[in-house]
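Given next, in structure tokens, is a single chain: the form predicted on its own.
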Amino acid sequence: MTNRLVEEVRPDPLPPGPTAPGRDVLQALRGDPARRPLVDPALAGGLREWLEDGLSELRLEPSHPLILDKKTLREAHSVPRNQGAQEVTHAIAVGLIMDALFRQLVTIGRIHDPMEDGLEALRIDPRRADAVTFIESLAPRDRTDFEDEVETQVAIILSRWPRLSPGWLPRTQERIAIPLVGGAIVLVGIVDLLIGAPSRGRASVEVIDVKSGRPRLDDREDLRYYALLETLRSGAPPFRVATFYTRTGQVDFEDIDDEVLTCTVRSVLSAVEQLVGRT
């Protein structure tokens, strides 16, 4: 299993050109196509059977489905704490702005005014009203610091993120929902970026997450969960998962194999058992 930071990637033979500033990022994203694993047609079905069998032994309420996302999965393995709405903080607001700007860059290829573009994207999403209020209520000095951080991270994105070929089929904010045991459990995730199309030959999809903060161990766990969701949905696992850090321009990646997916199934089963036991 391969996992490393992009700084460790040796120079690749990509020619100079528009993607040159992000050559190492591009190489980290695509890896060596010849080394991508062949898709096992029985793998996805076996993983789903394992989940169905394990979950069917628990006391579940089909009329009140349990929704499991990456946050719920993390918290299920930690000490229970207040599950109320999360208060918007400086870091959360920066993350939401950067998510919106990254999606804009991937979809239309440019960022005109970082703060205005980012705020406009948040304003049209009713779920982000609290974040918009938080940003617009910042004191002048705090607002200046906030804008400086956003503009710095945007400059890093523009200098590090390569322009993706349309042939890679980039899809942003891809929602995946996997109902299990008759809909009593629903595994859900929203992936920042998917590239590639599912294949019955060699694995050809990559799952990419974007983070504006410092690297955390949880970041890889989130991506492994997304890899499981994509495997269950399409019948083929992604060949690689990666996190792009807008704060530094680093890419942290991991190749996906059977071991990663089976460990993630165990984690999901354990999480649901913990959650059901707390109710």
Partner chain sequence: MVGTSLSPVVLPKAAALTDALVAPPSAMLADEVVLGVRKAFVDALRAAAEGLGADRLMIDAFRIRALTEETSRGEQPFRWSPQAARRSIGIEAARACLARAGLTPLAAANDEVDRLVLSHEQGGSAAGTLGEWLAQLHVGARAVVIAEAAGWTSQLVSALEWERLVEPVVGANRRVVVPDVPNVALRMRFEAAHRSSGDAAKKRPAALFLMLPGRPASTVRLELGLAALAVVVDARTRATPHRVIGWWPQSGRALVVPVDEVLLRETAGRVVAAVQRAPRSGAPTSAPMEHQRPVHPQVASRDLRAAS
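Positions refer to the first chain, counted from 1. None of the values given here were measured: they were computed from a predicted structure.
The next section is about a form of this same protein that is not shown, the form predicted in complex with the partner chain.
K.L.:
Report the stretch among 208-216, 53-61, 34-42, 246-254 that approaches the partner chain in the predicted bound form to within 4.5 Å, counting heavy atoms only.
P.N.:
One stretch meets the cut-off, namely 34-42.
K.L.:
Taking the partner chain in the predicted bound form as the reference, which of His77, Lys71, His112, Arg141 has a non-hydrogen atom within 4.5 Å?
P.N.:
Answer to the contact question: His112.
K.L.:
Under a 4.5 Å heavy atom criterion, is Thr107 part of the interface with the partner chain in the predicted bound form?
P.N.:
Residue-level check for Thr107: yes, a contact with the partner chain.
K.L.:
If we define contact as a non-hydrogen atom of the residue within 4.5 angstroms of the partner, is Pro198 a contact of the partner chain in the predicted bound form?
P.N.:
Yes, Pro198 sits close enough to the partner chain in the predicted bound form that at least one of its heavy atoms falls within 4.5 Å.
K.L.:
Against the partner chain in the predicted bound form, would Ala91 count as a contact residue? Criterion: heavy atoms within 4.5 Å.
P.N.:
Output for Ala91 is no: heavy atoms all beyond 4.5 Å of the partner chain.
K.L.:
Would you check, heavy atoms only and a 4.5 Å threshold, whether Ala129 touches the partner chain in the predicted bound form?
P.N.:
Because no heavy atom of Ala129 falls inside 4.5 Å of the partner chain in the predicted bound form, the answer is no.
K.L.:
Residue by residue through 102-133, which ones have a non-hydrogen atom no more than 4.5 angstroms from the partner chain in the predicted bound form?
P.N.:
Counting only heavy atoms within 4.5 Å of the partner chain in the predicted bound form, the contacting residues of 102-133 are Arg103, Gln104, Val106, Thr107, Ile108, His112, Glu116, Asp117, Glu120, Ala121, Ile124.
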